[in-house]
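Before any questions on binding or motion, here is one chain by itself as structure tokens, the form predicted alone.
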């Protein structure tokens, strides 16, 4: 039985801890915030509650596998319910598209109806081009630690490809609205499409094939479920404790150095920004953090427009409106996320697009990108894409330090919920049973 210390109590850290504890290890989680969950959590004020991070997930099998492999199945704890429509896109020309999830045929029909006959076929044919890349990357990159020595030549070629999303999408589509849809995830996620490998378009493929799902009461409920699971697995949790570095011995880690003193360790899992740990910082010096979005949480009075759970407003930047927060009867809890070149006040910018709730605001919480980075001790979105080299510049499951592993948004495919969950499974496989 190894003494494993997990640095970071977000989704990646909690998932790693739960899996490793189930394998019989003595696990301690060190988290700088007062509670577990990281960006996957919730915020309450004046009777309104908002998710502080993602409001839904695709590939629900990743969460189901986590709970099944660490104790009780997820469906014994809560429900995962489909989000329909997946999101509504609003474009600068006034056109709108309610895009369903989990069905190629439904997406084809919706795009044809919302944007124009024939565009649906263009969209679904584009999305289908990621079926083969997903199969290759799933086997060689997402579901086992990547190694050029054992990966297939096709996978190695895919990861070395110089084709970036902006170029691929511009070549593929003449219609600017289809381009906006195809680039939506990377722009809203804080990346420049000119620096993101084209294969990252597989996110649209996963949403189309597996659907998007949420938890009644808000996706932040997942933080409470993870906290409960760690208690059941008898994981030691040190909240309000910041890890400062990893103390290395001759054969591996000896302790995690924290504000409260050293925590003895035989194995360490880094599920936080490695740039904050001197022992690892030099190994990731070529990476940069993803700038988080500007966030505005709104508590709104009665009479606001009834919108789908997610509305994406395209313009110079991207404003994402999440409308599903619990609120007092007759009222609404919305979260606005500003990505790309959005610099204007989000409520004001949204009003100019025709969604004007300025007179309905009862309570408001604004969180700037800088505030978020300081709050989470690093970017919660992980590593910024700077071209194909980013795959090798960021940490892999096994880091350059012996018996030190990486999970979470700063490795794997980045900060998207399914990718984060998969990194925890890779860590458990690499560490192995006690």
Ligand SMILES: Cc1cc2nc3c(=O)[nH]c(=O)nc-3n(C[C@H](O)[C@H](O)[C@H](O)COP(=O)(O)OP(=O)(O)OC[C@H]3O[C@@H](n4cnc5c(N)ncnc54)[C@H](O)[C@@H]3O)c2cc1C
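What you are looking at is a predicted structure, and each value in this text was computed from that prediction instead of being measured. Positions refer to the first chain, counted from 1.
Omitted from view is the form predicted in complex with this ligand, to which the following refers.
The stretch that touches this ligand in the model of the complex, counting heavy atoms within 4.5 Å, is 23-31, out of 391-399, 64-72, 23-31, 42-50. Contact annotation: residue 17 falls outside 4.5 Å of this ligand in the model of the complex, judged by heavy atom distances. Shown alone here, residue 377 lies within 4.5 Å of this ligand in the model of the complex, counting heavy atoms only. This ligand in the model of the complex is not approached by residue 406, whose heavy atoms all lie more than 4.5 angstroms from it.
The shortest heavy atom separation between residue 426 and this ligand in the model of the complex exceeds 4.5 Å. The candidate spot formed by 99, 120 and 323 lies out of contact with this ligand in the model of the complex, as no residue has a heavy atom within 4.5 Å of it.
Among the residues 276, 78, 195, 129, the one placing a heavy atom within 4.5 Å of this ligand in the model of the complex is 276. For the options 220, 253, 201, 293, the residue carrying a heavy atom within 4.5 angstroms of this ligand in the model of the complex is 293.
If you take 400-424 and check each residue for a heavy atom within 4.5 Å of this ligand in the model of the complex, you get 408, 409, 415, 416, 417, 418, 420, in sequence order.
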